[in-house]
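A single chain, nothing else alongside it, follows as structure tokens in the form predicted on its own.
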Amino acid sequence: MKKVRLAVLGAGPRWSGLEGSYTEHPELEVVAVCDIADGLAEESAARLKTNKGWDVKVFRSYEEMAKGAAYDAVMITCDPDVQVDYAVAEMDRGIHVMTEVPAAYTIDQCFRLVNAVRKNGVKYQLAEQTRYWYFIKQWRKMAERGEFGRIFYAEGEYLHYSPDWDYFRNKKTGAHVWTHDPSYDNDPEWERTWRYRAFMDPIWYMPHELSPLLSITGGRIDTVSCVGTEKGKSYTEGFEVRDLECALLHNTNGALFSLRAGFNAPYGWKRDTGCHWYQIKGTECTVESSRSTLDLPKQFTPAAGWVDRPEWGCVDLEADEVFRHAAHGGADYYPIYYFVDAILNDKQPPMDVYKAVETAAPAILAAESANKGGVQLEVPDFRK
């Protein structure tokens, strides 16, 4: 059986959460792991040796891994605000690439990803997983059957509060601290992590809402405006982040989108989806996921009114075990499944480079809009 030889760039918490699931794929073998922090790559390699019998090479820098290992594809799970440089470099070497959400942090990075795929003919996929939840797939089927009528509104939120995020990293050791103690900002041995930078404008994480919603509505976002709470006056005292940003977007198919994101103020957990919530409104049908742990997903039609839909959970109970047992509500295995399938069978992955930047660019411009007082901005068409 032919296998995809996979290298992993970034062996921190994200990879450690994916490792057990991804390595169950029968047509994949991890051959190299790289991380700048002490011990992380070594720990992953040791686990893979014990659990899978694989002899995994360990590296402390990307340059060393690119020269010292032979692989077909790379999973980039390092800081997302620097992943595009590595992704483009790998695609220029003919390596297939999968990156994490968000795909990019600037419009220039979006164009660089698109151009690298066009130039090199490699497979690129964004490891966005919420689009694979069971109820999202059911809503897609409803849209394909025309059950919504004309979809005119889509709404979503990603409110993910934690009392302690890993806001700071030790410059020497690479170690992260999970704390809300702002005194680290004045310690020269520590620097702000990508998470701190990203949470200054939480709307950057809008792709987790745009990806599943666009998969239902079709089209792309062509204009966006956004407002946010004031930086420096957040629930978490002493930090310059915004508690919440709200974006209003227009879809080329005529629907309005209302999306919001925030990570620093407490919120109510939702049944199944946790920190996510979604709604689709059509002329003939409206659906929404649970708003809290006390209610169920719902569907509205003029004939029947509101009806609870308890079967609309995240996990597809009829899927194979490896899918059902994956993290993030059974969604985490789908990206690697489709990535390997695209490589071995020369297919277009479901979350290809165009769909990836069509979720990233509106978020990038939403953050820009919020910092300019809510002005409306146009989103480039990357397919032209």
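On a predicted model such as this, the values are computed, not experimentally measured, just so you know. Residue numbers run from 1 along the displayed sequence.
Below: the form predicted in complex with a small molecule, not depicted.
| request: Tell me, out of Asp243, Glu240, Glu100, Glu288, which residue has a non-hydrogen atom within 4.5 angstroms of the small molecule in the model of the complex. | output: Partner contact (heavy atom, 4.5 Å) among the options: Glu100.
| field | Heavy atom within 4.5 Å of the small molecule in the model of the complex - the one residue of Phe300, Trp312, Tyr205, Trp190 that qualifies | value | Contact residue from the list: Tyr205.
| Is Ala37 a contact residue for the small molecule in the model of the complex, using a 4.5 Å heavy atom cut-off? | Taking the distances in the model of the complex, the answer for Ala37 is yes, it comes within 4.5 Å of the small molecule.
| task | Find out whether any non-hydrogen atom of His25 is located within 4.5 angstroms of the small molecule in the model of the complex, and reply yes or no. | result | His25: no, not in contact with the small molecule in the model of the complex.
| task | State yes or no: in the model of the complex, is some non-hydrogen atom of Gly262 no more than 4.5 angstroms from a non-hydrogen atom of the small molecule? | result | Judged by the heavy-atom cut-off of 4.5 Å, Gly262 is well away from the small molecule in the model of the complex.
| task | Determine whether any heavy atom of Ala127 comes within 4.5 Å of a heavy atom of the small molecule in the model of the complex, and answer yes or no. | result | Yes, contact at 4.5 Å.
| task | Using a 4.5 Å heavy atom cut-off, indicate which stretch of 213-221, 141-149, 288-296, 75-83 touches the small molecule in the model of the complex. | result | Selected range: 75-83.
| Is every one of Asp166, His176 and His328 within 4.5 Å of the small molecule in the model of the complex, counting heavy atoms? | Verified in the model of the complex; spot residues all in contact, yes.
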